[in-house]
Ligand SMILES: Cc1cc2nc3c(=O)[nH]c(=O)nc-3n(C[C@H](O)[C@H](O)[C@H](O)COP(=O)(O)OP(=O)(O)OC[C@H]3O[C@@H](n4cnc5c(N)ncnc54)[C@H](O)[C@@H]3O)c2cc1C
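Quick setup: one chain, the form predicted alone, written in structure tokens, and binding and motion questions come after.
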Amino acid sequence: MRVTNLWKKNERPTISFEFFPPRSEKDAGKFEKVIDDLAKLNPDFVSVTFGAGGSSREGSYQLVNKLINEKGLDVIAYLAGYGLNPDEIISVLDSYQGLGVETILALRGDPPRANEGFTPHPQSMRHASDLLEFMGERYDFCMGAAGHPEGHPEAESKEKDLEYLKLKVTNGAEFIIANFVYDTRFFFDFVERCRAIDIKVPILPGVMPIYSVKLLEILTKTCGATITEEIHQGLARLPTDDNKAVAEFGIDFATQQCRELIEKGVPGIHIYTMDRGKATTEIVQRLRSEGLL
């Protein structure tokens, strides 16, 4: 599945989910049900993350294999080039090609946090744009890149960040999956700025439901996303220890975000599931009941 073909049809917005390889046997047992539940929603595709420095290389391959060959799902495989040498990158790409993967999201990736002694290979790709160029010279994958509506946390400016994003497109990225935002105005401003510098490829918004206050704080700090005043006020009205109420608030908020995005013509919605099923299921069912998907 070359994902860009889905948007060329332009019949309706696509719906897709991101998964990451389970970190333990216990997680894997729970995740099996999540996959089955979300597969019933018939997503247009799902994506599988790739751990920093190749830390989840085997787990990512196994999950991609399971989703394609056991669950019958179309998969975008992520690939983070940081730390890997060219031969390792070729090995990963060959293995995905062997599974029938046709679309790769190219990422730089970050240094593994759990291993302070990790040393990247001297020939590893320093930037996602380098990885895209490397892949484009050797393979016929449909290639995508990540975008950051509020700017990459390490970027010196939003303008410089967009320059690097344009370089990714120049080097072969045919679509962009955007990092999540909690104010859709950030996303639409990002799209407008992309178009102004002639980035014409489809830009897919990422949506991250609020699963818990703790996870919200961790993810926004890591990704540089803003926790809006609306969220602060909404959470402040809830009992601090009521995780169920927080999750329901998160579902309501994410559903409203999706409505706004779809009504303004996005090509699709990409939900960061965090390997959980309830929120995504509820959001998709609500949107479909309203005829938005």
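Remember, it's a predicted structure, so these values are computed and weren't measured experimentally. A residue's number is simply how far along the shown sequence it sits, counting from 1.
Another form exists, predicted together with the named molecule; not displayed. Remarks below refer to it.
Taking the partner from elsewhere, no residue among 182, 273 and 286 has a non-hydrogen atom within 4.5 angstroms of the named molecule in the predicted bound form. Within 4.5 Å of any heavy atom of the named molecule in the predicted bound form lies no heavy atom of residue 197. In the predicted bound form, at least one heavy atom of residue 164 sits within 4.5 Å of a heavy atom of the named molecule. Although the partner is absent here, residue 209 sits far enough away that none of its heavy atoms falls within 4.5 Å of the named molecule in the predicted bound form. Proximity of residue 257 to the named molecule in the predicted bound form falls outside the 4.5 Å heavy atom cutoff. The listed set 128, 84, 76, 173 contains one residue whose heavy atoms approach the named molecule in the predicted bound form to within 4.5 Å, identified as 128. A heavy atom within 4.5 Å of the named molecule in the predicted bound form is found for exactly one of 135, 219, 107, 213: 107. Stretch 153-161 is the contacting one of 153-161, 88-96, 185-193, 68-76, since its residues have non-hydrogen atoms within 4.5 Å of the named molecule in the predicted bound form.
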